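Next up: a single chain in structure tokens, the form predicted on its own.
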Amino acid sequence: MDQKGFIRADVREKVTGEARYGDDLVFSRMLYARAVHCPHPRARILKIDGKKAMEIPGVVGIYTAGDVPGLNQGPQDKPMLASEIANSAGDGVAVVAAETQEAADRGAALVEVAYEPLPAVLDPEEALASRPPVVLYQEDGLTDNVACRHRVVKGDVEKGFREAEVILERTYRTQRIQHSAIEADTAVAVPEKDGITVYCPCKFPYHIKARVAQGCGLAQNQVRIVQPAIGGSFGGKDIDIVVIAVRAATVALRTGRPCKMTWSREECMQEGSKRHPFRLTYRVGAMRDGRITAIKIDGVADAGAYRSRSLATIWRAAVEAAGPYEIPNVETDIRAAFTNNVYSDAVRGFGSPQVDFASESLIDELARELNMDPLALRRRNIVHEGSVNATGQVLTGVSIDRCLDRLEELFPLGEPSVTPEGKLRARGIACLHRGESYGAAARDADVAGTDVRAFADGSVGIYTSISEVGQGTHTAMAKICADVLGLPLEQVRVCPVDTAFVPDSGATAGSRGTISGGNAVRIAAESLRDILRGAAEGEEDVIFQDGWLCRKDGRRLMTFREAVQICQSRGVRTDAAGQWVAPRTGWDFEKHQGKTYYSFSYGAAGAEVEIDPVTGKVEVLDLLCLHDIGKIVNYPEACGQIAGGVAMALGYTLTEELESRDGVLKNKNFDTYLLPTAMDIHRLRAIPLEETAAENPLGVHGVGEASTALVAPAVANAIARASGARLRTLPFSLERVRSALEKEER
């Protein structure tokens, strides 16, 4: 395994401050916009009066839902601007445009809106029990508050419980959290002669293109999306960007002037999408020797006021909820409820962190009940090559056993201890399997298109809409292309993402960037290589290495640059398109079984904690995170991806929580929303493994999302081993830990 890696293509601009982000962009005659937000969790909009706002020098206009040129709200979608009813506190009801941001802010503060507050339902379980729907989608014939529901059924779960010698039932809860990208969401809309160009950070440019076209009443060929540098995504930069882009585009099309809308941090917190909170009740049956006979899972998630990505998020959660175990009898039922809370959407992990926290906590609780070693119980039940998982899928490329081998070698559990100062110490473990890419929940096939073009000077450009959100995929794609063409890495460049020039490569989601985008680059580069071989007429078995076309024996024939020039002089195009289509998956919604993902990634983690019993403070002293990612393209970047996911998960585990009062979020900024810093991370060992090549031509697994899922259960299990106190609600705040310790002492 080559652990040296190579330098990222975008590193210089980012560390020197030269990179230009969305909010850095300025255009001639540009206007600035600020939204007016509803303060109630549900309210009827009676009147919007902008007279005082229009008196502010520099304010040029106030725009409401009726000014949106195209579709303001799709079925069960978040509206660009609320029209008659605002279904969540923070919903935008109007936009003020002005010559300066200061004038726009002052104007927005002076817009007077008359509301009629309406009854709101804020608890998802209450929402599921209530009629009529709290969020009125009468056009869809919605008769209840179920945003979506997914089930998994395998075997006969009641028979499995009758066979069991031990039965446990436990309930776990996870919280609502923020993506917390340092770059606030932003978009700049520039009107063109026959359409509009939008500059915005996003993870799925062609989705933004389609939705902006809808919102503006334009054809998609009239909308161009250009990506500046992106300051973090973590699952965001999607639906929120659509809303911002259409609001800015509304102003731009109405005024004929460019318009920028950048959310303040308070707006990101107030209106932006969040991770789904879950309540998960697990019932598990097992034999005394540790063999699990049955598991039944009932879950409720809070979708908030709009469905957004809940359909896919809840589906993934349902199919992964039983964990990486071969259990003969499984029944999972997870529903997402519409409420009048801020809406939930994709956040890094996409449903996995919630169910992994629950399932891996449950395994440790079962181990304690059976008086078994937690690692031994996992080994007794984990999936192996050819195992049939909860959804009835026969698994191949399974490596979780080797991940556990490495975990046992590098992170022995040992025994709990007490420091001289009276602090409690212990270690905990967790493991996972995670489906890769879109999976069977997606309506369309997982397809990525990429173009590769060689220029007369021998340089090569890659054209892709895979977004570089900080994960290093563009550098990996350049390396893949360079390796195929036998070129030094500096000779290959991934060109800026601009939908006027790049093909649709799908979303940078599902940890699919290097898998789907990288394989598409490989196919395109191989096609280009075949074209350039034509420059060496009469030669067979031409190979590309070190910038040369060579015979098989290594004798040089011509430089890569000369080959390009020869082909072009003959009228041969020196570009090629590559398209990679992931293997098909499928799901039977009647039998609740199917092939959910074409491949799975596997991992294991250990956490060592120290607990102060006086304050309840939990320090994570050591984190070891092992992930099998098949073929490693860039070792340091793989380590960085794991470390980044772990850091995000540490906040999810210990400190991050969006709290609300009467449906209004109390956290307005990062001063009351506690993100982890470098001071909270003591020892982090991020170790990518090359155990089993993935089932794609490059053999690569994704790791960006899987790395977020293991920290919470490993820490929970360590706390329980150290203190005997089992925490089943995230995050593990000082108050929750202290309360659990006091309960254990009694």
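Please read these numbers as outputs of a predicted model, since none were measured by experiment. Throughout, we count residues from 1 along the sequence that is shown.
Below: the form predicted together with a further copy of the same chain, not depicted.
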item	value
Candidate stretches 70-78, 490-498, 289-297, 365-373, one within 4.5 Å of a further copy of the same chain in the predicted bound form by heavy atom	490-498
Exercise: residue 569 in contact with a further copy of the same chain in the predicted bound form, heavy atom 4.5 Å	yes
Interface membership of residue 209, a further copy of the same chain in the predicted bound form, 4.5 Å heavy atom rule	yes
Any non-hydrogen atom of residue 193 within 4.5 angstroms of a further copy of the same chain in the predicted bound form	yes
Close approach of residue 588 to a further copy of the same chain in the predicted bound form, 4.5 Å, heavy atom	no
Partner-contacting position among 617, 453, 254, 402 - heavy atom within 4.5 Å of a further copy of the same chain in the predicted bound form	453
Among the candidates 83, 130, 222, 660, the residue which, in the predicted bound form, approaches a further copy of the same chain to within 4.5 Å (heavy atoms)	222
